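Only one chain is included here, represented as structure tokens and corresponding to the form predicted alone.
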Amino acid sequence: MAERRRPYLREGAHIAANVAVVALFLFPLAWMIIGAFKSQADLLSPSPVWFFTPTLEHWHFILDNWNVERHLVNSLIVSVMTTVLTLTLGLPAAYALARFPIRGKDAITFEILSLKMIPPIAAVVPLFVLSRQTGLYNTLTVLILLNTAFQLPFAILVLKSFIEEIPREIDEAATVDGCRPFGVLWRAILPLSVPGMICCAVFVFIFSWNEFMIANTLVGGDLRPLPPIVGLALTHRGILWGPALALGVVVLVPVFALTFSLSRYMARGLTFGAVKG
């Protein structure tokens, strides 16, 4: 009897552990979304307020005072252009590392990985000086170029792993049909890499969308993207918790929409090559 119950107990413990982990990650998001619709008095109440009348006062505040629409457009421009540029440069580099007998390939791969380990805060001062000297300071171009530079190692390594899972016989068949290396990449490898590219694009978009340090240092005024705007919640009278939470929801919605709309491709991309025939 005890042996029959053991699988059910194990499955119940597994489900309970999964629910606990999901609740741990969802609680801050739920608290932020609910708090964005609470009044300032309910937010600052010493005891938790579970039942309240929803209000839009914080949403009106950020729309009237923080020019959220303009900063939202800036974030979209920077993130989309960074994603396109990163994939455009990353796919040929990943294809070359995955397919061609390049001398010192392992060392090159390690160097690319080491670039990803550089924390942005360690490079922000030289980048600030360099952007002033090149005339790119306080432009969206500098954010697109630097985000691309920081995300390119990640894209190359991810796409390289996807391309390595594609059988080399496909390259050979395309070569027999008269394709040169670029033709093989364009006609044979690229269509088969679409799930991996979409998966990589989602992560690059999210990383660029959430980038704070460089955006807060190298651009100002109306050219700032959304993340640095949360600093406006720090005032001499205290923290404006309601507008900060409302802005957090604005930052979160595009990422959630993109992730859920492309979840089917992300699942295929993340499991691509997991089972080899």
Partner chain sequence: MTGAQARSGRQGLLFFAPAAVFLLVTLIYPLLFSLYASFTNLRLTSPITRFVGFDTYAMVLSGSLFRSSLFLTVIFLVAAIALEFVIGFALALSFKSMRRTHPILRALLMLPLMATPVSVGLIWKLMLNSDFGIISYAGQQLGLGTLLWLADPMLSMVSVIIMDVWQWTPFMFLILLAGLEGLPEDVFEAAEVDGSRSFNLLWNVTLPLMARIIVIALAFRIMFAIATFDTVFVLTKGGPARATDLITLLIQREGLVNLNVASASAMSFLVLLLVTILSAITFKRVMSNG
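Please read all numbers here as calculations on a predicted model, not as lab measurements. Numbering follows the first chain given and starts at 1.
Below, we refer to the form predicted together with its partner chain, which is not included among the displayed structures.
Is there a heavy atom of R187 lying 4.5 Å or less from a heavy atom of its partner chain in the predicted bound form? R187: no contact with its partner chain in the predicted bound form.
Can any non-hydrogen atom of L159 be found within 4.5 angstroms of its partner chain in the predicted bound form? No, L159 sits far enough from its partner chain in the predicted bound form that none of its heavy atoms falls within 4.5 Å.
Does its partner chain get within 4.5 angstroms of any non-hydrogen atom of P126 in the predicted bound form? Yes, P126 is a contact residue.
Applying a 4.5 Å heavy atom distance criterion, does T148 contact its partner chain in the predicted bound form? Within the cut-off, so yes.
Could you spot which one of I108, V84, I170, L76 gets a heavy atom to within 4.5 Å of its partner chain in the predicted bound form? After the contact test, the surviving option is I108.
At a 4.5 angstroms cut-off on non-hydrogen atoms, which residues of 73-104 are near its partner chain in the predicted bound form? List them in order. The stretch 73-104, when checked against its partner chain in the predicted bound form, contributes L85, L89, P92, A93, Y95, A96, L97, F100, P101, I102, R103 at the 4.5 Å heavy-atom cut-off.
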